[in-house]
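Below you will find one chain, with nothing else, as structure tokens; this is the form predicted on its own, and questions on how it binds or moves follow later.
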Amino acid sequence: MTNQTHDVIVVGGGVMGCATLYYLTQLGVTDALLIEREGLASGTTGRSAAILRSHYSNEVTTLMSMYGRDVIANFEDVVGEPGGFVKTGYFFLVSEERAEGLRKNVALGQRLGLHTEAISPDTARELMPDGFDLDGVATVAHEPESGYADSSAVTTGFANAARRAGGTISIGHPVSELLVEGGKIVGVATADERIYADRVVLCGGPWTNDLLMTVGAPLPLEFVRHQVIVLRRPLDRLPTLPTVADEPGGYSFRPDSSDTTLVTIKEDPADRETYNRNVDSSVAATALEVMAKRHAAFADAGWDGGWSGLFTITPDWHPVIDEVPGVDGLFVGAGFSGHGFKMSPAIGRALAEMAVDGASHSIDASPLRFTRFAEDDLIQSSYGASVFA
């Protein structure tokens, strides 16, 4: 068994781990190692719909998503590689029951500098392509600068920029144990070696709790399967498409290529190892049905497959970004609950700052602390504990 030593170890090669590695190099860490069990963006990241929006119910997630959108929208200027950003505009549709919460969240975003406004369904129809039916919608939050990006391109872009700045990436070596001595992290173990560092950042996605349990500090994490249905819409009737979240219907959709639409729908409890990575035909039929109610062109759309991924969720559907209590030098980003990609630059930067300085300076991460569940101080949302939180 060989041994090696590094300044900082990052566990996990999804967008969070790669963003963290990149920001570590930007903070002057010259010997940072990222360890990934399979391949970069091979887990949750690669199965994301990669929607970028900043409509949230609290300041920290609003600010993180705003920062994330700005970095990803200008990704080539920031890291030197394209991130696939497409500005489509974003419309968040709510029923009367949620209208007051929406207006409150829009006011929060405006106070923080977000380009957003609350508009009527009539105004929204004027801004959307002709033919949208907004029946049952009481009010709409509009973000004209939002859209989507390529989650795999962003992940590899962060990774390549980190490598150019001196970071190292090891693929195909799952971490099996966190090494702790005297209440301090001293490294990690794989099947082949022990790797030493006095700072470790854990971004293991669905495998995070496996490692936290080795140090007696598990989080209340669960898994849900989300399905992404691929539809082909008639271009002669609907040539363009915005990104839309339909809170009453419980789904979102966005364009992908010229005639392709991705519909993200249905979150169900799932087993990490055995969940169906394809989509259910019944859910595809539901997606076609609900989309046709919003725009008649989808009555003639074709189903072109899709995929399913995992959300690792916390009880309040908000992440944990913190040092692990009782283990000095061990930091964790976990439980992103479907919000992670859009916030990944801010989360990676915050975790890097924690590893270097012991605290995040770019955001106030205290609302996302590890202990809030035991303290019964869960983060509240205008839309309940859900992917819209």
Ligand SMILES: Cc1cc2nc3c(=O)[nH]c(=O)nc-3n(C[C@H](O)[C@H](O)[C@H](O)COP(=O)(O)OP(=O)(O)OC[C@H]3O[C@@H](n4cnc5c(N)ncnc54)[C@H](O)[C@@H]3O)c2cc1C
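For every residue, the number given is its place in the sequence shown, counted from 1. On a predicted model such as this, the values are computed, not experimentally measured, just so you know.
Although it is not shown, the form predicted together with the named molecule is what the next lines describe.
For the residues L310, A118, A161, V279, the 4.5 Å heavy atom test against the named molecule in the predicted bound form is passed only by L310.
Between the options A32, A50, M64, A355, the residue in contact with the named molecule in the predicted bound form by a heavy atom within 4.5 angstroms is A50. Within 4.5 Å of the named molecule in the predicted bound form, a heavy atom is found for every one of V11, H173 and F336. Partner contact region in the predicted bound form: 339 to 347, out of 355 to 363, 320 to 328, 22 to 30, 339 to 347, criterion any non-hydrogen atom within 4.5 Å of the named molecule. The named molecule is not shown here, but in the predicted bound form it comes within 4.5 Å of a heavy atom of T44. The named molecule is not drawn, but in the predicted bound form it has a heavy atom within 4.5 Å of H226. Proximity of G187 to the named molecule in the predicted bound form: non-hydrogen atoms within 4.5 Å are absent; the residue sits far from the partner. Heavy atoms of L211 reach within 4.5 Å of the named molecule in the predicted bound form, making it an interface residue. For the stretch 194 to 220, the set of residues having any non-hydrogen atom within 4.5 angstroms of the named molecule in the predicted bound form comprises C203, G204, G205, P206, W207, L211, in sequence order.
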